[in-house]
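Have a look below at one chain only, the form predicted on its own, in structure tokens format.
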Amino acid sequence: MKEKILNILGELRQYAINKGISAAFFYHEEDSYLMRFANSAISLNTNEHLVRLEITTYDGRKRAEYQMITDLNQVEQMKAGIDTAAEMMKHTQPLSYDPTIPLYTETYADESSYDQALAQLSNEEKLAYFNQAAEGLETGEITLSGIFSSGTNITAQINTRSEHTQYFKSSDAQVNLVLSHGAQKWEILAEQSAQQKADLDPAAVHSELAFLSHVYTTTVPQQIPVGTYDIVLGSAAIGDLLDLMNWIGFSGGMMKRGFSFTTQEQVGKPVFSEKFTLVDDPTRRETFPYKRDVSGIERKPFPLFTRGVFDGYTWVQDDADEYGAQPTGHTVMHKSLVLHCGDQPVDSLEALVSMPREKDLLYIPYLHYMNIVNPSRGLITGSSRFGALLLKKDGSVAVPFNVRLTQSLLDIFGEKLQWLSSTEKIANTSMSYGARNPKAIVLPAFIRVNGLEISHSNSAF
């Protein structure tokens, strides 16, 4: 299959050259599988195989892009797409800068993030995972829902500047399991990310769901007052916050457009807590990494914040062209973010709950309905959901109704950051819209942030 893909890309390249067209080709192929549960039964079990081809044509400062869904047996259709892109370019306005067509100096292929056992996981194995993860937790009132998404992702590139190609293949799985109470309306969630079959651990999911289910079924939920709380965030919430920072924290193009809470003057200066070290690290297989970007730049660990100090911006090729910057190897479908762990020995929710505490702690494992309020201030908003707990100073545990947090990332990861756990977890931040693009962030299992304000508190779930 790999050879066929690259041969067809070579044929398309030659077709463009013969017609005097400067062009770049981005090939994306996905083999996606989805098993969905609702009301403790399989509600959907489906798969799809899609091939996308993105054709970009160039003429000086003019550029046009044409995307199509096709298959490897439709070469003539792909060639017609080249003609369409070339025709479109005649009607485009010139850019204010010279766009770069990458020059690949060697052929490169990376299949190290592919695990055939995970990619070809059977329906029986997925069902067995669900059954083990939820064993003994469903009742007449409590039902199971969730998804098991898995598949294979292939991307490849070529252009008319050289005959060399790039090729990447990866496997991935994302699992979410939700237990919900029909009468009380609460929901608890546990999730898992996998790059290879050995990453799947239904027993860990069962342990987390069992603990939360016990608390939620033996505790009367309550509305908590608005105000200031010391908050412990779970790995999923941390991952979503870092995912937003990916857009408004260290992108050079976003900074130039006024859509960032950092400035060029802050490079080399403290921005966050000295406990905060964030790296884009394509050596971590759990993040489904790209070890070279679309421009052909070799990707190595790229420090973003080291002990709170801002190391510098990431630059995709097109933003670098527009603003006269140096590209940093970040023209990829996603980065490979790694937030370094701290020294707090908390490896599980049970361990967090059993910790002695001098004041109440609010535990928020997931943030829901998240959005950016003000990018230049790093201000985001999101509500708690799926298993929040109020850990009282007397050692007891309460269940709060959902609350809303509206806070700046500069506060969450700044001076208010109290500790990070020493245990590492993987937060899968993949989206289910558009082309398959598995992504995950390596981070601490928990972080504690003191003095964050809860702006709204619901009176029901």
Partner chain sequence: MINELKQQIERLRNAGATYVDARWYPLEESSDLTMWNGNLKNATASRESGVGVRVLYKGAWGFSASSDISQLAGLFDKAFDNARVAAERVTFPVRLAEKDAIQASFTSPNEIDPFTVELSEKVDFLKEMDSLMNQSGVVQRASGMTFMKKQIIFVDSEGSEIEKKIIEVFPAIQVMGVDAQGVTHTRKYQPGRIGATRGWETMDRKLFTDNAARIVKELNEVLVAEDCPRDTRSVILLPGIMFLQTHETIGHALELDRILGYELAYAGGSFVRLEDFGKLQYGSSKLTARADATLPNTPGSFGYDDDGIPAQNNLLIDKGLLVGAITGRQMVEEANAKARKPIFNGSGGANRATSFYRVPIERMTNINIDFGTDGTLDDIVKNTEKGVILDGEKSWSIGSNREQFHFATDIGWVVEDGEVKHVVKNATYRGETVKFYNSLTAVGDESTWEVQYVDNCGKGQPNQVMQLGHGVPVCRFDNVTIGE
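Positions refer to the first chain, counted from 1. On a predicted model such as this, the values are computed, not experimentally measured, just so you know.
What comes next is about the form predicted together with the partner chain, which is not displayed.
Comparing 174 to 182, 346 to 354, 197 to 205, 233 to 241 against the partner chain in the predicted complex, the single stretch with non-hydrogen atoms within 4.5 angstroms of it is 174 to 182. Proximity of Ile147 to the partner chain in the predicted complex: non-hydrogen atoms within 4.5 Å are present. Though the partner is left out of this view, Asp319 does reach within 4.5 Å of the partner chain in the predicted complex, counting heavy atoms only. Within this chain, Asn7 is remote from the site of the partner chain in the predicted complex, having no heavy atom within 4.5 Å. The partner chain is not shown here, and in the predicted complex it never comes within 4.5 Å of any heavy atom of Ala119. Of the candidates Val215, Val75, Ile372, Ile142, Ile372 is the one whose heavy atoms come within 4.5 Å of the partner chain in the predicted complex; the others do not.
Checking Ile154, Leu127, Cys341, Leu390 against the partner chain in the predicted complex, a heavy atom within 4.5 Å turns up for just one residue: Leu127. Annotation for 33 to 51: interface residues with the partner chain in the predicted complex are Tyr33, Leu34, Met35, Arg36, Phe37, Ala38, Asn39, Ser40, Ala41, Ile42, Ser43, Leu44, Asn45, Thr46, Asn47, Glu48, His49, Leu50, Val51 [heavy atom within 4.5 Å].
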